[in-house]
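Below, in structure tokens: the form predicted on its own, a single chain.
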């Protein structure tokens, strides 16, 4: 895990995480730009995009190459995460816990005016975990169905032939859902949220102001600075080396 604090800002993401996010962002954008036109091929905008990429064959090959990169990066991501957890250099910070469900309920009560107490978040909020695991399972579906469509003869020789049209439907619909989740859920929380509007630069610079961290992730900030909020008494747990700078 990354992290540091200097009093004015917190380093939330290290270089590896920022590079990984950038590659995923570019690959995902290309997959959408080359995949959605194939789903909605009868529409004028779809035909225009296909033309921009050099025709149907070129569009399909760009989509396939990006799919292979996505599959490879997914394996690398989980390989690194598992290795980090086994070596105890990394905590299970992205795994949903009982507190996440309690935070979700408290957040709803806060929005409804039933309480004036805002949930106290650690490194990741329940919303971030929900989005992360949703995209993870979506990636798994996209990769498996993508390979089935890329190698239909081999897939049909190992599994019933009906797997090919089923994979096409699943791949197409999951791709559309992933696009909508990113454009509606992620873009809002990362850029249109009043707390960060008009643009959250943390995933590109790695840094977040201490003031914002105190508001969004008070439990982690308390742990980084060697203190624990009064309502969370006891020794802070160490989830990995972090830096506040």
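Numbering follows the first chain given and starts at 1. Bear in mind the structure is a predicted one, so any value in this text is a computation, not a measurement.
What follows is about the form predicted together with a small molecule, which we do not show.
- Here the chain stands alone, but in the model of the complex its contact with the small molecule, taken as any heavy atom within 4.5 Å, falls in 149 to 157 among 99 to 107, 76 to 84, 149 to 157, 116 to 124.
- For the three marked residues, 32, 36 and 143, a heavy atom of each sits within 4.5 Å of the small molecule in the model of the complex.
- Using a 4.5 Å cutoff between non-hydrogen atoms, residue 93 does not count as a contact of the small molecule in the model of the complex.
- The small molecule in the model of the complex is approached by residue 28, whose closest heavy atom lies within 4.5 angstroms of it.
- Within this chain, residue 212 is remote from the site of the small molecule in the model of the complex, having no heavy atom within 4.5 Å.
- Taking non-hydrogen atoms only, residue 49 never approaches the small molecule to within 4.5 angstroms in the model of the complex.
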